[in-house]
Ligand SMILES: Nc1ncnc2c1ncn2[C@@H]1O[C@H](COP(=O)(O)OP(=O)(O)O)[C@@H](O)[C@H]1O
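One chain comes next, on its own, written out as structure tokens in the form predicted alone.
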Amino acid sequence: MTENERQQWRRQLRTRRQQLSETEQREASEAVSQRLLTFTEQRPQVQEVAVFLANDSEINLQPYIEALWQRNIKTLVPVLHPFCAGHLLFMRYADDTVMRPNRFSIPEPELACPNVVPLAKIDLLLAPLVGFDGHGNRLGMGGGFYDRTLNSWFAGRYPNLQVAGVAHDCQYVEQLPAAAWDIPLPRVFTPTREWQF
């Protein structure tokens, strides 16, 4: 497994999702959001959900986010950690949250310490991905942000935190080249199914 192979997979899988039409993207967004909502409603203990804001043709979770707001379930979004390079913080996110683009041009809330929620308080964390395989291996954009952030969860430090990936069906491949630092996912939601590993 070489980094070159991983980059080839990233290019191929990003192209797959970028080629989806607006209609396919909208239908995927609605299908995944409904699947996630069912999952959440079956778990009344889930009251703090870390979501992500779609970028580069990722699944748009806005219908799910709005459904959570209607149910008084709090939502959080990732923010680049200001001191711990390569890590993420999760901050409260509401319909009136003031957003600004980060260095990757992805919107995030203005950093305010009272609005930061530690992983220990998050019930469900949804991770974006470029690709996933039949073993739960996740291929991200290459920055390692989620792998570093979830390393302590993977080591068992946050037993109440549930983690899942969210992807288009076309982002599945049978076997991805995994690196030693990759954090595998216990489940992935796509428009047509919930994968469990």
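Start at 1 with the first residue shown and count on from there. In this text, all values refer to a predicted model and were calculated from it rather than measured experimentally.
This protein has a second form, the form predicted in complex with the named molecule, left out of what is shown; the following refers to that one.
Proximity to the named molecule in the predicted bound form, taken as a non-hydrogen atom within 4.5 angstroms, holds for one residue of 139, 170, 65, 53, which is 139. The stretch among 35-43, 142-150, 159-167, 57-65 whose residues place heavy atoms within 4.5 Å of the named molecule in the predicted bound form is 142-150. With a 4.5 Å cutoff on heavy atoms, residue 10 counts as touching the named molecule in the predicted bound form.
Contacts between 158-197 and the named molecule, taken as any heavy atom within 4.5 Å in the predicted bound form, involve 181, 182.
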